[in-house]
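Below, in structure tokens: the form predicted on its own, a single chain.
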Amino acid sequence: MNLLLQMWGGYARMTRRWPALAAVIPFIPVVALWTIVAEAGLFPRAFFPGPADVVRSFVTLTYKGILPDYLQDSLIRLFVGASVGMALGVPLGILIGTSRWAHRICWPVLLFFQAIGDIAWLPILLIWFGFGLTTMTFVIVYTVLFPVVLNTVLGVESVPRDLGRAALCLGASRARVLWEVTLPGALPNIITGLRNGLGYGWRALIAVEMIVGTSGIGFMMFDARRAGSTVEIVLGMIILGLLWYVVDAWILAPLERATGERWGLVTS
């Protein structure tokens, strides 16, 4: 027991000194187990590549320029689709959250379309727009939109009405109340919606690239299936997981936490 406590204390000190270790250390047992199973030959290498095989594939595809180009294409598509989804979702959520009439009119329609999955749109999108960027952008926008709208509405409705009334009594205009009271109070929920929307949009992008894409990480993985290259499929999965982990854990989560501490309506 004392040895375990000492090891835990050493781990806590190291992660406090080098925070990046907290993200790396949990993966060490996973990679070690993966290596042992691959080297033991329990499965053919063509079906179950080891870490060394994936690293060699990464170096080869990077040297040829295939992986950087595909990754760039995926990130650009995500950025464009997510930007449009956020630009539409935040104002719509504020409108629904602040207006009873807008809530009555838009809320049933919103829930109806939320129940229709993004991939369910693909057949008709292919008829309308064909295999191209428009179809992929529509799917990403559609996926990002609903988490952003719903969390924005939640954030607006969580702001106490008394704060807005007090500001109006002190002479503030309704526009100023919206800008200086409602938006700051709703901002933590808005950031949470953006975080969730980006996560859903990233997964939707990979799915639609597999079906209609001609480039991107999703296309690379699906194209590797035709060639029977399991190692490229595993490489794509690792890139997806690592990239999103870095973006979420090192950018979005700290932003969400900082926003909650700065503008969140925290009560003790």
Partner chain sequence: MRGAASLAGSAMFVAPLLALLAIWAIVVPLFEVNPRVFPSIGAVGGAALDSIRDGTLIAHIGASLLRVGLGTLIGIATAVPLGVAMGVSPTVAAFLTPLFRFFSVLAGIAWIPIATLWFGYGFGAIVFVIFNAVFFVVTYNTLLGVQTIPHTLRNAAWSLGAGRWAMLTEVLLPGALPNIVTGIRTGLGFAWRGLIAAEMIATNVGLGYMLFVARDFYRTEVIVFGMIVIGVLWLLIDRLILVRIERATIERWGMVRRA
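Residue numbers count along the first chain shown, from 1. This is a predicted model, so every value here is computed, not measured.
There is also a form predicted together with the partner chain; it is not shown, and the following applies to it.
Remark: Phe48 counts among the residues lining the partner chain in the model of the complex, judged by a heavy atom distance of 4.5 Å or less.
Contact between Leu240 and the partner chain in the model of the complex is found at the 4.5 Å heavy atom cutoff.
In the model of the complex, the partner chain lies within 4.5 Å of some heavy atom of Tyr200. Using a 4.5 Å cutoff between non-hydrogen atoms, Arg56 does not count as a contact of the partner chain in the model of the complex.
Each of Leu126, Arg195 and Ile206 places at least one heavy atom within 4.5 Å of the partner chain in the model of the complex. Shown without its partner, the chain has no residue in segment 57 to 89 with a non-hydrogen atom within 4.5 angstroms of the partner chain in the model of the complex.
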